[in-house]
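First, one chain by itself: the form predicted alone, in structure tokens.
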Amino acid sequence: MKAKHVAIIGGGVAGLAAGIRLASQGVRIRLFDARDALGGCCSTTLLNGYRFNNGALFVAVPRLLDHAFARLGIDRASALPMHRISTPQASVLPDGTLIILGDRDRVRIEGAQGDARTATLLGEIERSIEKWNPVLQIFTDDLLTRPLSLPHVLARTWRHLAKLRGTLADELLRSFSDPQARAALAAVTLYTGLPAERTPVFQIVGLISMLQDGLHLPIHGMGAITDVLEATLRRLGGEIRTDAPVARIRVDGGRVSGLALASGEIVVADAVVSTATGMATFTQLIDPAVVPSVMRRKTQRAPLSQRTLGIQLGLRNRLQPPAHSVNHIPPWGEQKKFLSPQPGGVRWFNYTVPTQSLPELAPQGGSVVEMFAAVDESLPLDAWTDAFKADVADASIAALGRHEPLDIATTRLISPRDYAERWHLYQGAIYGLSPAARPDQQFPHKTPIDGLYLAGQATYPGFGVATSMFSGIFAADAVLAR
């Protein structure tokens, strides 16, 4: 039966993209978000004059974002102008060596024999780009723009299968001779919560894209992406409701019949697209008696991503770091220390200064600084009281203060408990599934329950704004194919 009325749970970029795709085909859309604003992890919050990100810090693989916007009938270049970050990453090694990764004329090593090492690194980067650019093009122009299909992946990548075996650490060892350069390159992917030894080698395409195409920021901050999608959905007649948490997905006779909101209101729908992760959908939003056994098992075995403590500072002074994002990292082979709590005092950490590229995100002369601190994964969410998260944050702020002048005007802390309860991220896991999750551990866009579809975290083999948008497009296409 063709769906004429579709309810969407969640107003992040996945839910908005699903709504736009469906509304453009004449489907009536009603979108519900539990929070008071849209965008989820691709939004910003203005606090005391400082604009902080609520998750995503930049746009990686910009070509993929263009593809996603094109699928929604939006010209990204005119609707969402972006600023290229010419120097996205810098890493400081224990001996003080500084390695800067940016556009080709901005790659350099500052340390012993820096000029000679820089020349070697540039040559190795060029060879690595030449080796991996064909794979990057396949991923961004084909594989990541359609639902995962193992036969299609094999058909498109069979010439490159030898490259796709092993880990990122294996590939960096083969391609880069300088161990400090390897550590800096591996640090680019540490946001996944995995050291290079556990990172699948295909993640190198993100690194190659950064080295070749750079990272980008929308001119008005990451929330501008959500603004464009929201305006498009409203123009197409989509109904959007915030402060409207969903209590239950209603299933009658094996088929979805709509939603029950926390307010008690009943919403009738032919189909539901849930972006609340497969884990939350099947454990919190559906009567356990009607959850298919295959989904129950998948939920129980889902390998979750890491938790973190978000630390955001609004400074009265202007910082001028060597790059948009700076890592203080341990030597090559020891980077798991970066991803673990450091009870003896924080030495390894990352910080991002978006005001280096977009100074208007802070009051004149000020800065925004954003950090994500490693935490003890075994701690229950209830342990994250306000006092405890302040104590944990103080150690990271002190570490930053040893390297940068901090005149702090505003502090914003987001604990794993906050991510779970206020951001509605399942158990506080910031990416949903682990980046090391196998394809069979991901959740399908079309579920075994008739009329129920999934998008967002845990449904797509990638991370970032563009892949989240595509997950919504895929779910919408599955609805339209009924």
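All residue numbers are counted from 1 along the displayed sequence. Source: prediction; values computed, not measured.
What comes next is about the form predicted in complex with a small molecule, which is not displayed.
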Verify the flagged residues 52, 85 and 325 against the small molecule in the predicted complex: is each one within 4.5 Å by a non-hydrogen atom? no
Decide whether residue 13 counts as a contact residue for the small molecule in the predicted complex under a heavy atom distance cut-off of 4.5 Å. yes
Heavy atoms within 4.5 Å of the small molecule in the predicted complex: does residue 40 have any? yes
Can you work out whether residue 424 and the small molecule are in contact in the predicted complex, taking contact to mean some heavy atom pair no more than 4.5 Å apart? yes
Considering only heavy atoms, tell me if residue 35 and the small molecule come within 4.5 Å of each other in the predicted complex. yes
State the residue from 72, 369, 246, 183 whose non-hydrogen atoms include one within 4.5 Å of the small molecule in the predicted complex. 246
Heavy atoms within 4.5 Å of the small molecule in the predicted complex: which of the stretches 238 to 246, 343 to 351, 97 to 105, 326 to 334 has them? 238 to 246
